[in-house]
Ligand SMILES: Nc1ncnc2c1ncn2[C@@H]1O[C@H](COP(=O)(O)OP(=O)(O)OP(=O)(O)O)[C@@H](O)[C@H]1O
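One chain follows as structure tokens, the form predicted alone.
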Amino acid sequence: MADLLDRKLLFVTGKGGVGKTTISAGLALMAASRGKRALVCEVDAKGDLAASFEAPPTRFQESQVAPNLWAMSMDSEASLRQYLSLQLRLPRAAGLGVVARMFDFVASAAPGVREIVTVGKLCWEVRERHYDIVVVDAVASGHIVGQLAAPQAINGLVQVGLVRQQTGWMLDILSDPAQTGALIVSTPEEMPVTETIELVGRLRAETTVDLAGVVVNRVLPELFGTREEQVFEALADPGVADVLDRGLEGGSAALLDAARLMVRTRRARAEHMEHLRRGVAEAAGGPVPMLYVPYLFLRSYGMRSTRQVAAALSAELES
């Protein structure tokens, strides 16, 4: 994945709850720390992205959150207004109410228009070269295919005219693996792994966007090996346990149970990761690069955790 940051547009997606916003923030911060002008965009606009940088709530207008790094949240109505002002010379002072009503009408009548407005804004930033890289904290895996495939679908329906021209240049950007890629975030658990494998197959079959790789988030460290497990069993012997209880004020059983639980949990997660590697390679038709981010045992998440994620991603890229 050495060329990951050479791409201009990265869509970060995954099952809800796997940490795609955290990974998006870390990826953008890593790019910025390497001297690239980076923009990170939160499509769901839940506010989690701003918290990752300990910054005020993001808006459609980009705001700087760190050196070389800007953040924004997607607003489809504002994106449409920007498009109309640029392409159709609609005055910037035009009332948003009229635009909003028109947008809602068109979007309801023609499925895919809302997705086009969202993806179009991101592709436009790439085309205009305002930033070296645009990282998208995209919608969850259940909706990302429809969003990425919207320009392709509309382009197939409309053969001539302005719409064809607009979706044409978007497709040129989205279909170029040197510029655009999708990065799927998963965790080593059954449901996220299953959903990731399914998404890889759908991206390949239904979109023209290249799969840049998979990020496995919340990987547990290997604290104990086989030798330590043997020690745990020896310490559980009644005679030894009595001695430990005196030293630990009766807490030896709980301590050993916690150690065994850690071993079982990591072993189960390792099996899920192996399933993920095999399943993704099969669905993609070949090996897929993977990055591993350790579990962060933190009580709160902010700039500190974002820096840790960026450092972990950077170490993975260099390994």
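As the structure is a prediction and not an experimental result, all values here were calculated from the model. Quick note: we count residues from 1 along the sequence shown, nothing fancier.
Another form exists, predicted together with the named molecule; not displayed. Remarks below refer to it.
- Heavy atoms within 4.5 Å of the named molecule in the predicted bound form are found in exactly one of 42-50, 64-72, 269-277, 283-291, that being 42-50.
- This chain lacks the partner; the member of 114, 218, 127, 202 within 4.5 angstroms of the named molecule in the predicted bound form by a non-hydrogen atom is 218.
- Using a 4.5 angstroms threshold between heavy atoms, residue 310 stays clear of the named molecule in the predicted bound form.
- Contact check for residue 10: no non-hydrogen atom falls within 4.5 Å of the named molecule in the predicted bound form.
- The shortest heavy atom separation between residue 296 and the named molecule in the predicted bound form is within 4.5 Å.
- Along 14-42, a non-hydrogen atom within 4.5 Å of the named molecule in the predicted bound form is carried by 15, 16, 17, 18, 19, 20, 21, 22, in order along the sequence.
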